[in-house]
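Read the single chain below, which is given as structure tokens and is the form predicted alone.
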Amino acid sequence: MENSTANNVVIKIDNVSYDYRSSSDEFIARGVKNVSLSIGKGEFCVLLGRNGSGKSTLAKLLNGFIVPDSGTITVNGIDTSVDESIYEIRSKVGMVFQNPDNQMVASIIEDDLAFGPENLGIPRDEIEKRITWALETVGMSEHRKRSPNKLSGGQKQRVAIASVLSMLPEILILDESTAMLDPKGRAEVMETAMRLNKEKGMTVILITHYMDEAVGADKVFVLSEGELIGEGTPREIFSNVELVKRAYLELPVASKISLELKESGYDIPFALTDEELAEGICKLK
């Protein structure tokens, strides 16, 4: 997806490392090591990597839940490790986690969306406007008075996104937010994220292990054992088969099929999407 604002850096990570340690400061596990990257305003970025690669650690560092052992992270120029700035950081970077049930605090959806702004001291009439806007944005307006317990997994996750949106963040992080959903729920959440990025200009950072969710991104970052081992467009990343193997990832289905056809002697270009694959097959002689 094209974005004219992508050159304005909103997140800069400079040589960041973080290890998990016990209360007695004994090493437990590596989080991330010497990671450097930047994310532009309005970009849709994806962090890929198998379990334990450092994806979620990086997300928590971006939101200020944890601070680097070394290196620096800035959000709009603000250092996340400065205690006095943590409120501002978290108001700018909203985060949606894997299990939506763990993020819901109220028995009625509109009350859940009001919780964050109320804690910020936002006037009630402004909160009402935010609730209406956030639910409209994720396509859940008709469920405003319902209990979250009556919703499907995909609907709950959309409400979780709306709860974050009610805080008016500039950056949305989805940390494995589709992992517990069925294909329909995954599609609902991805459509919502894409729309927020394209129509609202929101910077979106998606953490996932579903390769097909990365296909439409502006930029993909690949992590392995806490280190950044690849960065580029989806086409650059997935056409680098050795990189994909090194990270213990799978290719998108269309890419895998196009490469297998090419290895079998068919003159077919590398395909990133189903549409490209179909077009390539139709042109075969």
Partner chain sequence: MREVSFGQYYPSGSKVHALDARVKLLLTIAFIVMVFLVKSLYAYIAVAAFILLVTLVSRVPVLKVLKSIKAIIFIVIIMSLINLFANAEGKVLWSWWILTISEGGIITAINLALRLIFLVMGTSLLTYTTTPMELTDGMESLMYPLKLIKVPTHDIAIIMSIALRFIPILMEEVDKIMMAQKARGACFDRGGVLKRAKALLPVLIPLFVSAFRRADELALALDARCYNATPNRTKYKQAKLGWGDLVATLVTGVFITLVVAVNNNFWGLY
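Numbering follows the first chain given and starts at 1. It should be emphasised that the depicted structure is a prediction, and the values quoted were computed from it without experimental measurement.
The same protein has a further form, the form predicted in complex with its partner chain, not shown here; the description that follows concerns it.
Student: Of 30 to 38, 234 to 242, 215 to 223, 60 to 68, which is the one stretch near its partner chain in the model of the complex, taking non-hydrogen atoms within 4.5 angstroms as near?
Tutor: Going by heavy atoms within 4.5 Å, the stretch is 60 to 68.
Student: Given that the partner is absent here, does residue 188 sit within 4.5 Å of its partner chain in the model of the complex, heavy atoms only?
Tutor: Outside the cut-off, so no.
Student: With heavy atoms only and a cut-off of 4.5 Å, decide whether residue 144 touches its partner chain in the model of the complex.
Tutor: Flag for residue 144 set to yes.
Student: Could you confirm whether residue 99 comes within 4.5 Å of its partner chain in the model of the complex, counting heavy atoms only?
Tutor: Answer yes; at least one heavy atom of residue 99 falls within 4.5 Å of its partner chain in the model of the complex.
Student: Should residue 85 be counted as a contact of its partner chain in the model of the complex, where contact means heavy atoms within 4.5 Å?
Tutor: Output for residue 85 is no: heavy atoms all beyond 4.5 Å of its partner chain.
Student: Only one of 78, 194, 120, 168 has a non-hydrogen atom within 4.5 angstroms of its partner chain in the model of the complex; which is it?
Tutor: Looking at 78, 194, 120, 168 one by one, just 120 meets the 4.5 Å heavy-atom criterion.
Student: Considering 73, 114, 140, 204, which brings a non-hydrogen atom within 4.5 Å of its partner chain in the model of the complex?
Tutor: Residue within 4.5 Å of the partner: 114.
Student: Taking its partner chain in the model of the complex, would 9, 12 and 43 all count as contacting it (heavy atom within 4.5 Å)?
Tutor: The answer is no; none of 9, 12 and 43 reaches its partner chain.
Student: Within 137 to 153, which residues have a heavy atom closer than or equal to 4.5 Å from its partner chain in the model of the complex?
Tutor: Residues within 4.5 Å: 144, 148, 149.
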